[in-house]
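Let's start with one chain on its own, the form predicted on its own, as structure tokens.
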């Protein structure tokens, strides 16, 4: 398979990148690692006349870790996150997720920002980031804005990026020691077939199911049951929510799978809490 002809641009700063997008419009495509874009171009599903390689823009390569937040530039690779000691200390569940993405070759090239912008339903990060209330920072002709990951991904291969806009950073809140976080998935041929993330803290709970629909889906009824420490009811609510939104053959199996993954994610979350001094554990386990 060969790539269709294109002109390659390598801007050195964000303003130059935005200028290129304004000049070439829909005929331009931005990439960092290119692990998804170049593949669909080889398959003939996209033929942009201008590719904009943004890897050399310093701002997009930033990775800052503070006591309460991670700020991850759009050009930061999965591998760099996976091996970053400060990220490991602040949010080990994210590091564990990154370690399991595809393979080392993909993780060395692919980026967290690129993954979110491609919005492939069968990927890992969006499910966990939605549960953590993460935000994306966008820059474009109208300036900068922030948007929750939950609102950024609109559907399969569809995001809320406006024309001429790019994702610059992913902002991830760091959960406190009184918050439980877990993530589980099942994978076939390196792509998740189902993912579940759970977060429970003083402000309530989040249950998010991914890879079983066009975008990550919150399950409010399961969240209410987790606040009550009723994991069995949360599992049932999760399975029911998936069954209600899935009308394709095999829906019963996928609904059951979502419930199983929630139970595993909750077990992982409580196990992680018990291994951290001062962390909160649930008062009751189902």
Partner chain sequence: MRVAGRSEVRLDIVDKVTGAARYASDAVVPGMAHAALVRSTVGHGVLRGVDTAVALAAPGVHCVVTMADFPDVDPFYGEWVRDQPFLARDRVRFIGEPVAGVVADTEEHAHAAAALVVPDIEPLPVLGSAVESLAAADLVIHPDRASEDPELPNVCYRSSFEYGDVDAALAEATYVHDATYTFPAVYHYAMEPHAVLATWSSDGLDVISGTQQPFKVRADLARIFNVPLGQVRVRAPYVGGAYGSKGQSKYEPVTAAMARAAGRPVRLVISIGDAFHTVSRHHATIRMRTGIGPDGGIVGRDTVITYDTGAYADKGPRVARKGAYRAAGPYRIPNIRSVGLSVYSNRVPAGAFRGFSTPQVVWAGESAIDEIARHLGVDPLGYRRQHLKRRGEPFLGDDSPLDADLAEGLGVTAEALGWGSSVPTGRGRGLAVGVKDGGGGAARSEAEVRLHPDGSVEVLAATSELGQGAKTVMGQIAAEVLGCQLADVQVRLSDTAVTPFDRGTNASRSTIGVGAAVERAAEGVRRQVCQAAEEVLGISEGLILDGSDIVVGEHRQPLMELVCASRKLPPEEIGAYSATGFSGNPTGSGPLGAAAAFYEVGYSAAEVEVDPETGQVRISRFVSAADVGFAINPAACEGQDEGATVMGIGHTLLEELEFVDGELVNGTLVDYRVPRTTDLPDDFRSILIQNRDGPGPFGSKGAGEGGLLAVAPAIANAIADATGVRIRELPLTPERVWRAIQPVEPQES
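Owing to the predicted nature of the structure, the values given are computational and were not obtained by experimental measurement. Positions refer to the first chain, counted from 1.
We do not show the form predicted together with its partner chain, though everything after this point is about it.
Inset, instruction - Let me know the one among 142, 203, 156, 186 whose heavy atoms come within 4.5 Å of its partner chain in the predicted bound form, would you? - result: Partner contact (heavy atom, 4.5 Å) among the options: 186.
Inset, instruction - Note which of 218, 221, 256, 69 lies within 4.5 Å of its partner chain in the predicted bound form, where distance is taken over heavy atoms; exactly one does. - result: Among 218, 221, 256, 69, a heavy atom within 4.5 Å of its partner chain in the predicted bound form occurs only for 256.
Inset, instruction - Flag residue 191 as yes or no: does it have a non-hydrogen atom within 4.5 angstroms of any non-hydrogen atom of its partner chain in the predicted bound form? - result: The answer is yes: residue 191 has a heavy atom within 4.5 Å of its partner chain.
Legend entry - its partner chain contact in the predicted bound form: residue 44, any heavy atom under 4.5 Å: Residue 44 lies outside the contact set for its partner chain.
Inset, instruction - Using the partner position in the predicted bound form, report whether residue 63 sits within 4.5 Å of its partner chain, counting heavy atoms only. - result: Looking in the predicted bound form, residue contacts with its partner chain do not include residue 63, since no heavy atom lies within 4.5 Å.
Inset, instruction - Indicate whether residue 26 is a 4.5 Å heavy atom neighbour of its partner chain in the predicted bound form. - result: Contact check for residue 26: no, nothing within 4.5 Å of its partner chain in the predicted bound form.
Inset, instruction - Select from 1-15 the residues with a non-hydrogen atom within 4.5 Å of its partner chain in the predicted bound form and write them out in sequence order. - result: The stretch touches the partner through 2, 3.
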